[in-house]
Structure formats: C-alpha cells, structure tokens
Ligand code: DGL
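In structure tokens, one chain follows: the form predicted on its own.
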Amino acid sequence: MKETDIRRFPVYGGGGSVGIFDSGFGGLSILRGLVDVLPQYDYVYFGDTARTPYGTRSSEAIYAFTEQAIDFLFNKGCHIIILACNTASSEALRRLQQEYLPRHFPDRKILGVIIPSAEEAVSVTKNKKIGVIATAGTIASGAFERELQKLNPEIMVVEKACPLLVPLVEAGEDDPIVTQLILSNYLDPLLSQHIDTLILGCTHYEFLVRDIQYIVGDNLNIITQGRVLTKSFKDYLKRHCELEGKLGKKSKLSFFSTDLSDKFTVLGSKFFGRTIIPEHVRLD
C-alpha cells in the first residue's frame, strides 16, 4: 500500500474524475454500480476507514472530516463528487454546497445519496408507509423524513438507527445466525408498522441485502442506493452536458484510504467485486 500526504497535492486541471467518498467500504457499492453502467469515466474512490463509522460522531466532527475528504478529492482533479455516505450527506452536504463550493471550487459539484433514495421510495410505495434504517447520525438529522415528506406530506416514515450494522459489515462478519439476530432486532419494529418499502439508508447495508430480504419477505420494496444512485447520476449527466464534457474518459480507477492496514484491500476487493490496491492518505 503506497502512502500519500494530502498536503502535497496541487489542483489538477484537464479531464476531471468522478469522486466517490464514504467513511469506509460501503460506497464501493455505489462505485461498482457506476463502473458497470458508466465504465468510460475516470473514478477516484476515497474511504476514511481510519475514522469510520461516522454515525456516532458529532455534527461538527462529521463536517470537518467530510470537508477534508472533499478537499482531497477536488485536489486530485475531481470535477464532481458523490457523498456515498448517508451520514455525511445528511450532516454536511448542504453546508458544503452553500458555503464551501462558492468559496473554493465554484465550478465543481457535490451530490448526495439521500434525495435520490427518497424519490425512488416515494415512486414505489403503495400504502405510503416507508421504513428507513440508517446510522444514528443520519436518523438524528431527520434528513430522510424531511425529504420524503417534501415529496409527499402523506407519507408515514418509520425510522430505526442501527449502530451495529456498519461494524458488522466492516468486520467481514459472515455468520448468518448472528447477522439474522441483529437484523431482526432492528427490522421487527418497522415491519410491525406495516411498511411496504424499506430504504437502506447506509451504503454498507447493501452488503446485507440478502439477509434483509429473507427477513422482510419478497413483497416489500427494498431501496438499495447502488442501483438508485447509478440511475440518478446517469440522468444528472444527461441534464448537465457542460459538466459531463469536462470528465475524463479513460476508464481509470484510483483508490485511497486513511487506514494503514490491509483491511481495505481485502474487504474492499470483496465488496467491489475485483481486486483493488489503495494508496494510503494521511489527513491532519
């Protein structure tokens, strides 16, 4: 694993990359979907694995960490960044768009994952009862409930913070009995409210989708952000031709991590579906 100091990076011009940021491995599900459908673009993935999970952090800490990550990705030449972290999207995105971008990179864009997920859920629900599982930070922010009810005030939102799921995924836990017990504890209160749609409000949870489907049954809509974000981003680029034209199209993939261990390489390769070799980044 190579090591890179963020402070040595100049701002690059030319063909820009699409940046994907997550606090850990979960955003690799977003990147995997993008590469499958839009393989021509250049992508840079950054996981702040040394400081994951973000869900139990304060709002100020989440913003500070996310701003550091955004700095890194823009300085690596990204022209558009997707916050593939629901906690960062709920706690930092609006402030980054309103304050950070105009001051530092007015010609760049930062997108989140919450609004596309809410739009998809509202489009498929029949009984207007939508469940959300996410980190404690995302749930506390009220971001999903706010966006869902903006789209349809009649929507009933049932939310559950699931603090054990990110550590479960990042530990590579594959004991089905343990996984099912933990998931049942989180999902049963939502199912008792007769939801017909469930948003997996953390990109890490996509790696548990088979276990979740087993518990909730085949008649409940599960919104996975990898699929939703790929469709949303493809549509976004069609609507913003001026930005799409600035993106590099050499199918380059770069991976960076703040974790010193080889865990990112091993689990990241498993989650992404192919071998990845990240460079280590030190953030102050």
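None of the values given here were measured: they were computed from a predicted structure. We number the residues from 1 along the sequence you see.
A second form of this protein, the form predicted together with the ligand, is not displayed here; the remarks below concern that form.
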Hey, in the predicted bound form, does residue 256 get a heavy atom within 4.5 angstroms of the ligand?
no
Quick check on residue 138: any heavy atom within 4.5 Å of the ligand in the predicted bound form?
yes
Consider residue 66 of the chain shown here, and say whether it contacts the ligand in the predicted bound form, taking contact as heavy atoms within 4.5 Å.
no
With a cut-off of 4.5 Å between heavy atoms, is residue 202 one of the residues that contacts the ligand in the predicted bound form?
yes
Answer range among 185-193, 150-158, 208-216, 86-94 for contact with the ligand, defined in the predicted bound form as heavy atoms within 4.5 Å:
86-94
Does anything in 35-65 come within 4.5 Å of the ligand in the predicted bound form by heavy atoms, and if so which residues, in order?
52, 53, 54, 55
